[in-house]
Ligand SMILES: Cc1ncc(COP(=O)(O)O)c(C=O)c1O
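Taking the form predicted alone, here's one chain by itself in structure tokens.
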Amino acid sequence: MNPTVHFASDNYAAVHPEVMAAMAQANTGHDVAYGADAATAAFDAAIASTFGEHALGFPVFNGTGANIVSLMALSPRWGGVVASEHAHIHNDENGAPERVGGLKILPLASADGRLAPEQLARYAGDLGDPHRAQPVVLSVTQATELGTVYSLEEMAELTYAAHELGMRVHMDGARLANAAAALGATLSEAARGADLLSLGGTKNGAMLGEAVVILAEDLRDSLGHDLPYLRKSTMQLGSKMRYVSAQLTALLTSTDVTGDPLWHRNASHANAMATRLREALAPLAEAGELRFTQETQANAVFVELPRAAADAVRSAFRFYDWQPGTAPGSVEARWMCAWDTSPADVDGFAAAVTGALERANGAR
């Protein structure tokens, strides 16, 4: 077992060697700054190949940047953004939509991270009311913050409902690769219905860098004109953009002998390791020693277990508590797997959880 492996976040993982090699290849001599370089031209071609000839991509530094640029592009100053109560933009970006974008997040309850079309009616009645932030954008996360995945049918129904209400749809695709791999779909299929996409790279094997991708053909000209200015004014324009572009291009286009692209290989492996972890812990769940709180569809496992056991495991492996458990003295934890999580890592972690639960139960 790798003694430095952790299950806190896929952000903890190292950079994939193929991504590092792409950066090294871009690191040759001088090239034009701010995106007028060969690596970014290759990225542009990769976006068109992946999402369609009408799609346009704009590399940015990070996921929060991608989300804020996207939401500001889709919203007037008086706009509101409808999202799950668990959305990253609502809980984990330090109020950036409000502080930077001047937008208001309009949360909806979501036990498993997914929203249903009929929930949009909660805010639809505010359209036209000058006293209320106007719900002009729906932001969905695929895969969700709780490790669940919208089916292609669910996403189609939700985005159709939003469009019928006059909303535009933003997709937080920090883990879009994991969702697509879980669905057996392409990235384009997993993002279908969204107008603007925050395309994740860091959680899928990149060093840094995400992208804002225009998916709606009717927005190509207007947002294609506006986004360069918005990206600069929000401090998301990189001078040496070639290094971000090279990473994303590698994820989209680097293939192995089977022709499987790197994004899919990395995401499929991370998902498989989460499934392996859940299966290893299933006997404990059946015995009532712990409880799975969410489906394991992508690369996350959510469990409730005694806090004493969680703290004991944490002495050797980092992971995050999600929220207090439903039972006294318990906690809900999130365990994440990454592209470089190995079967031995999973088995060692599962053994540590099993041992901690045995000791916690023995101390009762």
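Heads up: residue numbers just count along the shown sequence, starting at 1. All of these numbers come straight from a predicted model, not from anything done at the bench.
The same protein also has a form predicted together with the named molecule, omitted here; what follows describes it.
Shown alone, this chain has one stretch from 55 to 63, 308 to 316, 294 to 302, 29 to 37 that lies within 4.5 Å of the named molecule in the predicted complex by heavy atoms: 55 to 63. This chain is drawn without the named molecule; in the predicted complex, the residue among E85, E289, E93, E154 with a heavy atom within 4.5 Å of it is E93. This chain appears without its partner; in the predicted complex, the one residue of R278, R168, R265, K203 with a heavy atom within 4.5 Å of the named molecule is K203. Although the partner is absent here, R242 is not a contact residue: none of its heavy atoms lies within 4.5 angstroms of the named molecule in the predicted complex.
At a distance threshold of 4.5 angstroms between non-hydrogen atoms, D195 is out of contact with the named molecule in the predicted complex. In the predicted complex, the named molecule lies farther than 4.5 Å from every heavy atom of V81. Proximity of Q25 to the named molecule in the predicted complex: non-hydrogen atoms within 4.5 Å are absent; the residue sits far from the partner. Although the named molecule is not shown here, in the predicted complex the stretch 9 to 42 places heavy atoms of just one residue, N11, within 4.5 Å of it.
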